[in-house]
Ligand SMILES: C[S@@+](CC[C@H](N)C(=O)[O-])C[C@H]1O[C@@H](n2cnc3c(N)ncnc32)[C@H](O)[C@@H]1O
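In structure tokens, one chain follows: the form predicted on its own.
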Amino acid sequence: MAQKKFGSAKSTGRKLDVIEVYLSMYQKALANFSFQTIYVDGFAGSGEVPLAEHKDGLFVDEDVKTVIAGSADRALKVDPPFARYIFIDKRKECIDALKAKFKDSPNADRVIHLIGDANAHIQKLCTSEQWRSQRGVVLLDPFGSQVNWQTIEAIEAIEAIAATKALDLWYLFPAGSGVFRQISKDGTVDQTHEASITRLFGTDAWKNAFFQPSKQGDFFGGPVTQDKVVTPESAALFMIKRLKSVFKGGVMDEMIPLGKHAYPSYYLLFAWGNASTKAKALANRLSKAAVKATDRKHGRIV
């Protein structure tokens, strides 16, 4: 299927490499335990990523790949494989493409394909499954601000990722595109964008963190204004603080900035729910090793 090109070999490639390395190490580490393992991809796509063209002046760099393997493709090739794979996408054409592309995969019979909203499907999964005998990894890799905070933190009778205490989360958080760029330079926020940011964080406390009273004051008796002080980095740090409030296992302090601009569009974040001493140590060690491995391959993305 034809997909809109996005990302770059450096930023998108690094993100996917981090996930691939982590999944491989995760499965090897849990191979000697009796847990059933599950991999959940909330925005699975079609199995491949068509990259945007990279140009040097007027010339396209012919050495840059135009298509790379997506997260679903990489997860299916992990050895040993997960007991179950759940691929979710709201676009039927992407799910159809996934089915066709991997119908001959040795792990095809382990896959469940779901069409629809990732938030609803993941909340239902977290609520309905018995997690005592299962462990897993969730990837939330949205194109924008599609992830609701209630998919991360349990609300009333609806369970969520952190509440399972069994799932690790890799989250491509839209700190630049979904937060920073939605707030005007003059400190104003469109009502629709305000609701979207609150939905992302699950609180409106971001308003106190992302603005400060204007230094201009109200010299002529006009209304007091506020200045925008948020950056993509501070927005990502605010999300890390929010994740730490619900993930009892831990949250990786290191953030991976992704994007070619001075203000990154996304930051790749990691959190884990299992608070046992061994599980905390393992998740911390594996995540840092995955990041270090891709540092050597890609270098730091700014």
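Counting begins at 1, following the sequence as shown. Note that the coordinates shown come from a computational prediction; the quantities given were computed from them, not determined experimentally.
The same protein has a further form, the form predicted in complex with the named molecule, not shown here; the description that follows concerns it.
Looking at the partner-bound form in the model of the complex, is residue 199 within 4.5 Å of the named molecule by any heavy atom?
Residue 199: no contact with the named molecule in the model of the complex.
With a 4.5 Å heavy atom cut-off, would you call residue 49 a contact of the named molecule in the model of the complex?
Because a heavy atom of residue 49 falls inside 4.5 Å of the named molecule in the model of the complex, the answer is yes.
Although the named molecule is absent from this view, report whether residue 81 comes within 4.5 Å of it in the model of the complex, heavy atoms only.
No, residue 81 sits far enough from the named molecule in the model of the complex that none of its heavy atoms falls within 4.5 Å.
Should residue 45 be classed as touching the named molecule in the model of the complex when contacts are defined as heavy atoms within 4.5 Å?
Although the named molecule is absent here, residue 45 would touch it in the model of the complex, with heavy atoms inside 4.5 Å.
Per-stretch contact check against the named molecule in the model of the complex, the hit in 177-185, 154-162, 228-236, 116-124 (non-hydrogen atom, 4.5 angstroms)
Result of the contact check: 116-124.
Heavy atom within 4.5 Å of the named molecule in the model of the complex: which of 99, 110, 77, 90?
In short, 90.
Only one of 166, 94, 86, 138 gets a heavy atom within 4.5 Å of the named molecule in the model of the complex. Which one?
Partner contact (heavy atom, 4.5 Å) among the options: 94.
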